[in-house]
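Single chain ahead, by itself, as structure tokens, in the form predicted alone.
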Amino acid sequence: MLEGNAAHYLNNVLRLKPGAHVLLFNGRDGEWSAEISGSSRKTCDFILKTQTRPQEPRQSLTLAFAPLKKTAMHFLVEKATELGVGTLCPVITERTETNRINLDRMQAQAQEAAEQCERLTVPGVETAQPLDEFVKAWPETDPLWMGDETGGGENLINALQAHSTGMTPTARHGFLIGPEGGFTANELASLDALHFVNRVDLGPRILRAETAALAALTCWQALLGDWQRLNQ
């Protein structure tokens, strides 16, 4: 049974009636074809038919980013979901543009994007935390690539290709994208002291934060992510 916004969308936006066929997923049991068996103003009931796709694993890819303003944040959450991010982590930096973070809205946006792109998992959204707390909790054995707008980082493609050798499926990978204006000198010094943080260069142009994040995720998917299955 569906309740809330999902039921409202089927009943009142799509105006589906009993007997209509839909595809359902819950992030755990794969995708199923189902028939609407009944509905009320706030609920929708189904009869499950057959599984159409097995459950896909949640990707171990984390995107940590300084929160953006409303429109840019929505864009980033939507596109990061389409690009397969497993976890979204807002981090508060010294130059963060806004401290107003609606986690419920972010989770709803991630769910809508997952439905739209027919993804069977929904990214997790973590509570915002200060940058130092985020890196303190990051596993020291797993790489965290930091977008470096100063031009001093390693070429991202080279860094990812070097890491692909001996990569284990369970390893966690992460990108850390700073705010507009970048990290401060103090933040960069603290990050440089951590052996698992790797500065990477995203090209010769200064990118907006959301553009930098999506560029990095695209490169990761092409070299290390599930885009690889297209070549198998």
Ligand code: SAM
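Source: prediction; values computed, not measured. The numbering used is simple: start at 1 and walk along the sequence shown.
In what follows, reference is made to the form predicted together with the named molecule, a form of this protein that is not presented.
Taking Gly147, Gly84, Pro90, Pro143 one by one, only a single residue has any non-hydrogen atom within 4.5 Å of the named molecule in the predicted complex, and it is Gly147. Interface residue remark: Gly178 is counted as part of the site for the named molecule in the predicted complex, having a heavy atom within 4.5 Å. Although the partner is absent here, Cys219 lies well away from the named molecule in the predicted complex, with no heavy atom inside 4.5 Å.
Remark: Arg205 counts among the residues lining the named molecule in the predicted complex, judged by a heavy atom distance of 4.5 Å or less. Using a 4.5 Å cutoff between non-hydrogen atoms, Ala212 counts as a contact of the named molecule in the predicted complex. The stretch in contact with the named molecule in the predicted complex, judged by heavy atoms within 4.5 Å, is 180-188, chosen from 22-30, 180-188, 35-43, 48-56.
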